[in-house]
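One chain is shown next in C-alpha cells, namely the form predicted on its own.
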C-alpha cells in the first residue's frame, strides 16, 4: 500500500485546519502558510505522477480494509495527471490572490485549501459514495469562495449556483442509493464486476440510475442545456476564484470518463457504452451555445466564462468520438483549456484594478500603464483559446478533428468546431480592441496594480506554451492514459486484489 496516494489530500486538509485557527489579523502568516502548502502539494503531485507514469495503479486502503468493504483511494495515470493540473493551477492562482484579493474575507485561504482537498479527493477516490462526498466538500468551499468579497450581483449569481448544485447533489444521492440497493456495493471496481453479471430483472433500474448519474455529471461539466448557471456565476465572482473554478467543470468531465469507461464500459454487457449516443450531440450543442455567448460577452470575465462552456462542449465532443484517439485528444485539450481560461480570468482581474470603475467591461476606459505588455499577454491567451496556430488550442483541435475522421457526424464536428473558433476570434478581437485600443487618454489613470499581478497569468501561458513545445511527449502520455481507460483490467486487479476478466 503506497502512502503517496493519500498525501495530496492530507496536505491541503491540514493546511485548512491550521489556517482556520490563526487570528484574522495575521495576514502575512496566513498567506505564507497557504502558499507553502500549495507548493508542497505541487511537489507531491509531481512525485505521484512519476510513480504511476509507467502504468502502475496505486491503491490506498483506509484502515487496511480490503475492497469492496473499505474506502479506497486509487491513483492511476489519469487521476495523478488531474491532481498535478489542480496543484499547478492552485499554486499560480494563489500567487495572484495574495496580491490583495484574499484580504476581502477572513476565510479565503481556508476555503481555498478545502477546495483543493475536495478536487484532489474527487480525482483519487475509488468509490462512488466518496465521489459524492468530495463533490460536496469542493462545492461547499466553492459557495464561500464564490461569495468572497460580497456584493448584490455576486450574491444573486451565487444563490443560483447554490440552488442548482443542491439539486444536482440530491439527484446524485438518488442515483447512488439506487445502485447500492440493487448491487450492494459502491466501490467502482466492484461495481464494474457486478454489472457485468447483472440479472435481466435489474437492468432497467440500474440503467435509470446510470442515466441519472450522467445528468449530475453533465450539470457539473456545464453541458447544454445545464450550462446556464455557469456564465453569470464565474463572471461575477472574484477573478482568482473564477480561475480556480476553471478546473471545476473538468471534475464533471473526469467523472464521465471514469464512470462510463470503468463501470459502464465495453465489459458492462447490455449496459455497455450507455451514454455514448448522447455525448457527441450534447457536446456540439454546448459548443454552439458557448460560442454565441463569447460573441455577445460584455466583459473579459464574461467572455472567459463562456469560453469555459465552449471548452466543456469540445471535451465532450472528443469523448463522444470515442476510441483511444478521441480520448487522448480530449485529455490534451483539457490541459490546454484549463491553463488558458484560468490565465484569461486572472488577466481580467488585473484589468479590474487597472481600469478603475470601468473594470474589465467592454467600455472605453483610462489608458493602462503597461498597454503593450498587457495587450501582448491578452493576444497570446486569445490565440490559444481561439485555436489559432501555433499555440496549444490549435494542436488540441487538430487532434480532435483527426480523431473524428471517418465518424458519421464528421461534417457536423468540423463545422461546429470551426464556426465556434471563428465566433471566438470575433468575440476576443472585439474585447481586446475595445479594452486596449479605445483607451481614453483624457481619463485619469488608476494607480498601477503592480507588475506581480501579471506573473501568474504569464506563467499559466508559459505552461501552455510548454504543452506545445513538448506536444509529442504530452500527446504520447495522453494516449497512454486513454489506453489505460479503455482497458481497465489493471485498475480492477489493483483494487480488488485478484485477477479480473
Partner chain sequence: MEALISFSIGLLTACGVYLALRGRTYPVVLGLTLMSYGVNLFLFAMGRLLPGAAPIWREGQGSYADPLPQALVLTAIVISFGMTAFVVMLSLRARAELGNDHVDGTGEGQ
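On a predicted model such as this, the values are computed, not experimentally measured, just so you know. Numbering follows the first chain given and starts at 1.
The same protein also has a form predicted in complex with its partner chain, omitted here; what follows describes it.
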Answer key, its partner chain contact in the predicted complex at 4.5 Å (heavy atoms) among 418, 166, 296, 410: the residue is 166
Assert contact residue (its partner chain, in the predicted complex, non-hydrogen atom within 4.5 Å, options 278, 180, 107, 229) equals 180
- [ ] Consider residue 158 of the chain shown here, and say whether it contacts its partner chain in the predicted complex, taking contact as heavy atoms within 4.5 Å.
- [x] yes
Non-hydrogen atom contact residue 394 with its partner chain in the predicted complex at 4.5 angstroms: no
Open item on the list: Test of understanding: in the predicted complex, would residue 136 fall inside 4.5 Å of its partner chain by heavy atoms?
Closed with: yes
Against its partner chain in the predicted complex, would residue 140 count as a contact residue? Criterion: heavy atoms within 4.5 Å.
yes
The stretch from 350-358, 181-189, 410-418, 336-344 that lies within 4.5 Å of its partner chain in the predicted complex, judged by heavy atoms, is 181-189
